[in-house]
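The form predicted alone is given below as one chain in structure tokens.
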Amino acid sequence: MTKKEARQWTSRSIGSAFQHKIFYVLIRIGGWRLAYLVLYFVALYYVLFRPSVRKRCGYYLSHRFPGQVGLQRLKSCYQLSLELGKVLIDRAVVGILGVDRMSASFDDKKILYDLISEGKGIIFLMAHVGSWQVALSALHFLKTPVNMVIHREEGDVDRHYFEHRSLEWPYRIIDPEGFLGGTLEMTDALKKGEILCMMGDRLFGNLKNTLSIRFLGEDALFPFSAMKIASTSGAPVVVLLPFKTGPTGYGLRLARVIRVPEGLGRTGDHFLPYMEEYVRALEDFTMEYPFQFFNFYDMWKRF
């Protein structure tokens, strides 16, 4: 099975570059308020007249709200689409109008200070929830270089916030489709005591690097690469989950600190207890913030 066959999700926006530019203009004219106002109608259009949108929302919603049908499901699909749109607008607001237009709070600074002082770096294991780009601004107090594992697909028109004003990239990008999956760059960053940010909720690459873990009532596939790197480097894994608290506010939750024993090898079963901790944290998050989880593909598909 090829990587493309295994990876069913896409990072490309359903909107065109022109549609994105319209929202960028709205933000410049009237800030987040005007952009949100238009978003309510745009999201409604997509939910009502784009069956593909309802299908993509349905994978997650059918597991999070298994009893919903008809208008209830349609309403949830609209809420989920609306929250995603707000997150994308917030990201653009930060880039176009400045980081001071959005606030991000974090209450566990001492924990991170202590972990970074160990000198082995930190792996931030995140997920496609809230807006990680806005929330990470709450971590500037660490004054530590940040490395992001990101694969950007060809044709993706979504802009990172710093691309709106040609700002210097605030973190180093590691492409998981690079040489050896970027593993050498990741371990090198941790050896320097730096921060490595990874997403743990989407399948990427070979199926042999995934574990089947129960999530929202059914087994889903999760990659365990972060745990394997933690075992090799000795770096702690910190589960960070950002969430939207209001029109201009975000919070950042430190959901778990996971210590993976060194030298566990490469067999996935050795990493199962540690990945289960991550999945339980993610499941708890969806219980509290059901419309801030943005995986629009069938995580539960059997290959």
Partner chain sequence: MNLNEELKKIIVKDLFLEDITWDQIEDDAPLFGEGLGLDSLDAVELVVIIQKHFNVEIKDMDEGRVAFQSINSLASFIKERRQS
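In this text, all values refer to a predicted model and were calculated from it rather than measured experimentally. Positions refer to the first chain, counted from 1.
From this point on, the text means the form predicted in complex with the partner chain, which you will not see here.
Review point. Just to confirm, Ile111 within 4.5 Å of the partner chain in the model of the complex by heavy atoms?
Key: Residue-level check for Ile111: no, no contact with the partner chain.
Check your understanding: Should Glu118 be counted as a contact of the partner chain in the model of the complex, where contact means heavy atoms within 4.5 Å?
Key -> No - in the model of the complex, heavy atoms of Glu118 and the partner chain never come within 4.5 Å of each other.
Review point. Does the partner chain get within 4.5 angstroms of any non-hydrogen atom of Asp219 in the model of the complex?
Key: Asp219: no contact with the partner chain in the model of the complex.
Point to revise | Lys55 within 4.5 Å of the partner chain in the model of the complex, heavy atoms | key: No.
Point to revise | Options 125-133, 139-147, 88-96, 186-194; stretch whose heavy atom lies within 4.5 Å of the partner chain in the model of the complex | key: Flagged stretch: 186-194.
Exercise for review: Just give me the single entry in Pro66, Gly30, Pro247, Gly265 that has a non-hydrogen atom within 4.5 angstroms of the partner chain in the model of the complex.
Suggested key: Of the listed residues, the single hit is Gly265.
Exercise for review: Check each of Ile213, Leu82, Met199, Ile229 and return the one that places a heavy atom within 4.5 angstroms of the partner chain in the model of the complex.
Suggested key: Among Ile213, Leu82, Met199, Ile229, a heavy atom within 4.5 Å of the partner chain in the model of the complex occurs only for Ile229.
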